[in-house]
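Quick setup: one chain, the form predicted alone, written in structure tokens, and binding and motion questions come after.
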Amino acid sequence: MDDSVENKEELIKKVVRGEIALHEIDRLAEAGDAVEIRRKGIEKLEGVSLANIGSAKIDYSLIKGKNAENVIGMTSIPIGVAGPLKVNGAYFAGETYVPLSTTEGALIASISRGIKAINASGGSTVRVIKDGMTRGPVFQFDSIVDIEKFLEWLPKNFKKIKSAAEKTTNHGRLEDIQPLVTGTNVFLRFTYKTGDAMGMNMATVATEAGCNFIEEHFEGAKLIAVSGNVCSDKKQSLINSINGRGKTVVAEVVVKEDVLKNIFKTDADAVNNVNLRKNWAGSARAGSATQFNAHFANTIAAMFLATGQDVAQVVESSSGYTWTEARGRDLYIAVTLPALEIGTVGGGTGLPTQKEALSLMNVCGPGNPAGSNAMKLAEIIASVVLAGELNLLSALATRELGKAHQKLGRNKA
């Protein structure tokens, strides 16, 4: 037995005996060995086999210190493609296949049928109408008298706060600070341009620097937390729906009568009626504040998994509205995503399969000019969401939903 194997076996024993913590293995073994040692230690401790988790290919050096801690292997989720999809955007104009990672049978087929109808109608028209990542710290003051003075001071010192924040980043640009007052609390919603990055970490570090400047230069301002929940990150909120977070995107298409009839076996009035009664009346009756859509989250989650986005941000990224109109015998349909939080650099976008998925759409890495690749990705995702909504509403109008899942979403073997 060579020294490396002997060392691994000894470290596994130490894990089992509780002599070393899982995270300590990273400094005691090479990157690739650390994953194996952790996994085998857990297997012995719990009496389970993690062979499949361990069999997936992984270069731990790409993950270590960036994407995950105490790594023992990789999970595998199927990736399918839909398309090509024709997109008429301000940043992306052309056709592309789109990668979708999911375990839900029928989802990719559903989106594919929606894409077929969109292409037959000339493609989706899509625009990013707002762009800005937010972080919302909370300050404590002694009284409203102090807060009144602070609210007068804040805009006069915006440029200095901006300078302090932007010293921490090469690409982030502070655009605005919106104050919100509750009792002795002042919440400040910092909004940044973040280039091709989703920008949450960038915004956090920059905001901390801006908050330090405020504390140093305004007596009585006490920072309680750099995130006071008005950001609003990884939570449903009306402030994101109204003011936007990340990219606010609208995608639309007019589907002609013959396309509705040939592809979906339905008509504009039937689809519009389902949207009105399901997405609007139904969501309102259920008490929804931000979710007036059929299944944005399905498509957003599948795109996020495939392209290395922060999956927890599906929560706010999938909020939004599906609007339809019967225009004569044609159907107008649009989706509005107020808070699509995505990037093409940073986070999980640099991992091997995620990079390939982004490359499939020609949006991998930084764009030229900066920020353009993230804008392209936003336009593509919104167009795919549009395809998913169009198909599901049509399937509901013709009572095909159960049949589709019976055929494609259930294993009868």
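For clarity, a rigid core is taken as the largest C-alpha set superposing within 1.5 Å between two forms. Residue positions are given as counts along the sequence shown, with the first one as 1. Remember, predicted model here, so these are calculated numbers, not experimental data.
The next section is about a form of this same protein that is not shown, the form predicted together with a further copy of the same chain.
J.: Please tell me whether any heavy atom belonging to G220 falls inside 4.5 Å of a heavy atom of a further copy of the same chain, as the geometry stands in the model of the complex.
T.: No, no contact at 4.5 Å.
J.: Considering non-hydrogen atoms and a 4.5 Å limit, does a further copy of the same chain approach R399 in the model of the complex?
T.: Answer yes; at least one heavy atom of R399 falls within 4.5 Å of a further copy of the same chain in the model of the complex.
J.: Do W153 and a further copy of the same chain share at least one heavy atom pair within 4.5 Å in the model of the complex?
T.: It does not: once a further copy of the same chain is placed as it appears in the model of the complex, W153 has no heavy atom within 4.5 Å of it.
J.: My question is simply whether I177 lines the interface with a further copy of the same chain in the model of the complex - judged by any non-hydrogen atom within 4.5 Å.
T.: No, I177 stays farther than 4.5 Å from a further copy of the same chain in the model of the complex.
J.: With a further copy of the same chain left out of view, choose which of A297, A164, I263, A120 has a non-hydrogen atom within 4.5 angstroms of it in the model of the complex.
T.: Here the answer is residue option A297.
J.: Can you pick out, from T169, T191, T96, N243, the residue that has a heavy atom within 4.5 Å of a further copy of the same chain in the model of the complex?
T.: Exactly one listed residue reaches within 4.5 Å, namely N243.
J.: Out of the stretches listed (153-161, 273-281, 169-177, 255-263), which one is close to a further copy of the same chain in the model of the complex, meaning heavy atoms within 4.5 Å?
T.: Going through the listed ranges, the match is 273-281.
J.: Given a 4.5 Å distance limit between heavy atoms, list every residue of 344-364 close to a further copy of the same chain in the model of the complex, or none if there are none.
T.: If the 4.5 Å heavy-atom criterion is applied to a further copy of the same chain in the model of the complex, 344-364 yields G347, G348, L351, T353, Q354.
J.: Can a Cα shift of no less than 2 Å be assigned to E46 between this form and the one not shown, given superposition on the rigid core?
T.: Superposed on the core, E46 moves its C-alpha 2 Å or more between this form and the one not shown.
J.: Which way does the C-alpha gap of E30 and Q309 go in the model of the complex, closer or farther, given it changes by 3 angstroms or more?
T.: Farther: E30 and Q309 separate by 3 Å or more in the model of the complex.
J.: Taking the cut-off of 3 Å or more as given, in which direction does the distance between the C-alpha atoms of L351 and L50 change in the model of the complex, closer or farther?
T.: It is closer: in the model of the complex, the C-alpha atoms of L351 and L50 lie at least 3 Å nearer than they do here.
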